[in-house]
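Okay, so here's just one chain, in C-alpha cells, the form predicted on its own.
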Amino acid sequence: MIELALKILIFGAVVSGIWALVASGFSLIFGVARILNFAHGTLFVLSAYFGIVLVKYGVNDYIAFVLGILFVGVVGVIIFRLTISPIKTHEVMVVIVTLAIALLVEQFLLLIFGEHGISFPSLISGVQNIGGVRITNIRILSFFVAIATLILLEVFITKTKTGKMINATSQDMEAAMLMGIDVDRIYLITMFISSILAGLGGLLYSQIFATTPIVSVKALIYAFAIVILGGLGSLRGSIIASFIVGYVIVVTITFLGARWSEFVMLLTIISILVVKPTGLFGVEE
C-alpha cells in the first residue's frame, strides 16, 4: 500500500510538472493580452517534432532540444504578429483563427509523419529505485526542469524590469501605455515566453510518452481546463490546478484505467467550478 501511494506521488508529480508548464504559458498570454490562444497545443507538439527531425539529421540531442524550444518561440511570435495582432480586440475571431491554425498544423504533421507515435531521445538514461518504485531518470529530470522553470518564471515576472512591465500590462493595459510601456512589444515578449513554455513541456512529454499530431488537441484541452480551474489569468492558480489535475489523472489511471482519466478529470473540474465558478484563484470581472 505504501509502495502504491509512493508510486502515485512520484508519477503524479512528473505529470503535473509538465502540464504546469503548458498551462502557465496558456494562462500567461491570456492574463497579459486577454487572448485565448487555441494554437497553444500545436506549439506543444511542434517543438517535439522539430527536435526529432534535427536529431534525425545528426544534430546533437541537447542542441536539438534547445533549438526545438526556441523554434516554437519564434513560431509563436510569428503567429501573433501575422494573425492575432490584427484581430486581438475581437475575442471570437482570435479563437477561430488560432483554432484554424492548430487544425492546419495538425493535418500537416499527419501528412508528413503519419499517425504513429514518435519520441524525442531521452537526454539521460538509467533508472532509480525510490522506496521500491522504479522511475526513469528522464522522469526525474523532467520534474526538476519543470519546477526550476516555473520558479524562474516567477522570479522573472516579479523581479525583472521586463517582468514588471508584463505585470503592469496585465493589470491595466491603458495605464501601462500612459506610463510609456510599449504594450505591443510586451505582447510579443509574452507570446514568446508562452510559446517556449509550451515547447519545453512538449519536449519533456515526448521523452516520456509517444507524441502524435493529435496530442496537440489533448494538450490544448488539458491547458484550457487547468487554466479555467485555476482561474483565468492566474499563473499560481494554473500551477496549483495542474497538480490537482495531474494527480486526478494518475489516481484514475492507477485504479480505473487510462480510458477513464480524462472523464474523471473533467468531472472533477466541473464539480469544483459549480462550487466556485471563477476557479480556485479567479476573481469576478
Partner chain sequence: MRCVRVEAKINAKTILSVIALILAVVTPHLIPEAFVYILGLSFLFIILVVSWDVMVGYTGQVNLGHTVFVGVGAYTAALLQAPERLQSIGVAIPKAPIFVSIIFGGIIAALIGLLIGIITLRLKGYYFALVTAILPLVFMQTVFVWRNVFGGEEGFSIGLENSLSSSIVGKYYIALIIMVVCVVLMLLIVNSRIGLKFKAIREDEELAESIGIDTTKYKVIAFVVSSFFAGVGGATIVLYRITVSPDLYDIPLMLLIILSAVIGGLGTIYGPVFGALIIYLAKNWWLKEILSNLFKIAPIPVNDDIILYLILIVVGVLMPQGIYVELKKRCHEVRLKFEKFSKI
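Numbering follows the first chain given and starts at 1. Quick caveat: nothing in here was measured; it's all calculated off a predicted structure.
One more form of this protein, predicted in complex with its partner chain, exists but is not displayed; see below.
Within 4.5 Å of any heavy atom of its partner chain in the model of the complex lies no heavy atom of residue 178. Taking the partner from the other structure, its partner chain in the model of the complex has a heavy atom within 4.5 Å of a heavy atom of residue 224. Among heavy atoms of residue 217, some come within 4.5 Å of its partner chain in the model of the complex. For residue 87, a non-hydrogen atom is located within 4.5 Å of its partner chain in the model of the complex, even though that partner is not displayed. Each of 100, 263 and 273 is positioned with at least one heavy atom within 4.5 Å of its partner chain in the model of the complex. Partner contact region in the model of the complex: 254-262, out of 63-71, 237-245, 254-262, 39-47, criterion any non-hydrogen atom within 4.5 Å of its partner chain. Contacts with its partner chain in the model of the complex, taken as any heavy atom within 4.5 Å, map within 228-244 to 228, 232.
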